[in-house]
Each structure stands twice: as structure tokens, then as C-alpha cells.
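Just the one chain here, the form predicted on its own, laid out as C-alpha cells.
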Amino acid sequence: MAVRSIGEYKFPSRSRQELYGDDQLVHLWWKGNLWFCAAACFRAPKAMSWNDFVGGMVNPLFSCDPEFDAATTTFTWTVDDKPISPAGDESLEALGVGHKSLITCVAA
């Protein structure tokens, strides 16, 4: 289906990176999990470590699934469709997570 434009987009996006300073918007999706039909969006510092991101944002969200156990559930991860093997102290920025990136996980 064709998109019909009503004119040019001549104003800046309200979610552009420059409005967030050292933070960024990060989308997180647990692919294949029926409890989460779409990605969640978080505001996270670029310098946030992977451990802090998982402990402070991922695990609290995923705990909504009654079968999720943070101690035993393992995932494979991608950032914008590129596989990553995150180390706990690596920052989101070092892992290639940018403004509005999609972090996808699949339970192993």
C-alpha cells in the first residue's frame, strides 16, 4: 500500500539524540516470548554497564513472565541484528548500542 504524504516533515524529531544528553533510548525485545509481544523502550546512560542494564532494567521487566528465573535463564543477544557476547563491565556504548538501537534476546 502506498503512503500518501501531506507535505514535508520540516520540524525536528522530539526523540532525537541531542535531547537526551549522555542518555539514549534503548529498545529491548525478548523474541519468541508470548508475554512480550513488542519491544520495551528504556532511557539508559550510554556509559551504563551491561550488568547494571540487565539488573536494573532487563530482569525487572522479564520478571513479569512467571517462568522467568534470572538465575537460570540464559540468552543469546543481538544489537541491531548483530550478535554480541556482552561482558558484565562493558558499557552499552562499547557493545554498539546506540540511540534507538534494538537489543534482542532469545532464550537459549
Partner chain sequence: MAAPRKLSMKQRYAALTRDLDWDLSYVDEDKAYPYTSFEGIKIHDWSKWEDPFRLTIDAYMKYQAEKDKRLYAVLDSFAQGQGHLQLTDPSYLNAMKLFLQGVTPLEYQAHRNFAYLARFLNGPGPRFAALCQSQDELRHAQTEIHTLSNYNKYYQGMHSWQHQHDRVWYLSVPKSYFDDAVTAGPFEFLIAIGFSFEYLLTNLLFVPFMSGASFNGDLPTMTFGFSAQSDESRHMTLGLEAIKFMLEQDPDNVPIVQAWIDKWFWRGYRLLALVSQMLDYMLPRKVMSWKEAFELYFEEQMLGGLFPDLAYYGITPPRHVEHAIAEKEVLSHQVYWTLYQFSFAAGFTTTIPSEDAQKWLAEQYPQTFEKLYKPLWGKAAAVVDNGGRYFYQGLPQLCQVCQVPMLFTEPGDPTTICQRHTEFEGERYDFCSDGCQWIFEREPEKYVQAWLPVHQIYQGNCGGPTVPDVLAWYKLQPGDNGEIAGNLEQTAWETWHATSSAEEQAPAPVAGN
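What you see is a predicted model, and the numbers here were worked out from it, not measured in a lab. Numbering follows the first chain given and starts at 1.
One more form of this protein, predicted in complex with the partner chain, exists but is not displayed; see below.
Trainee: Classify G88 as contacting or not contacting the partner chain in the predicted bound form by the rule of any non-hydrogen atom within 4.5 angstroms, answering yes or no.
Mentor: No, G88 is distant from the partner.
Trainee: Heavy atom to heavy atom, is D69 within 4.5 Å of the partner chain in the predicted bound form?
Mentor: Outside the cut-off, so no.
Trainee: Using heavy atoms and a 4.5 Å limit, would one call A107 a contact residue for the partner chain in the predicted bound form?
Mentor: Output for A107 is no: heavy atoms all beyond 4.5 Å of the partner chain.
Trainee: Would you please decide whether D52 lies within 4.5 angstroms of the partner chain in the predicted bound form, comparing each non-hydrogen atom pair?
Mentor: No, no contact at 4.5 Å.
Trainee: For the heavy atom contacts within 4.5 Å of the partner chain in the predicted bound form, list the residues of 9 to 36 involved, in sequence order.
Mentor: Read in sequence order, the residues that approach the partner chain (within 4.5 Å, in the predicted bound form) are Y9, K10, F11, P12, S13, R14, S15, R16, L19, Y20, L25, H27, W29, K31, G32, L34, W35, F36.
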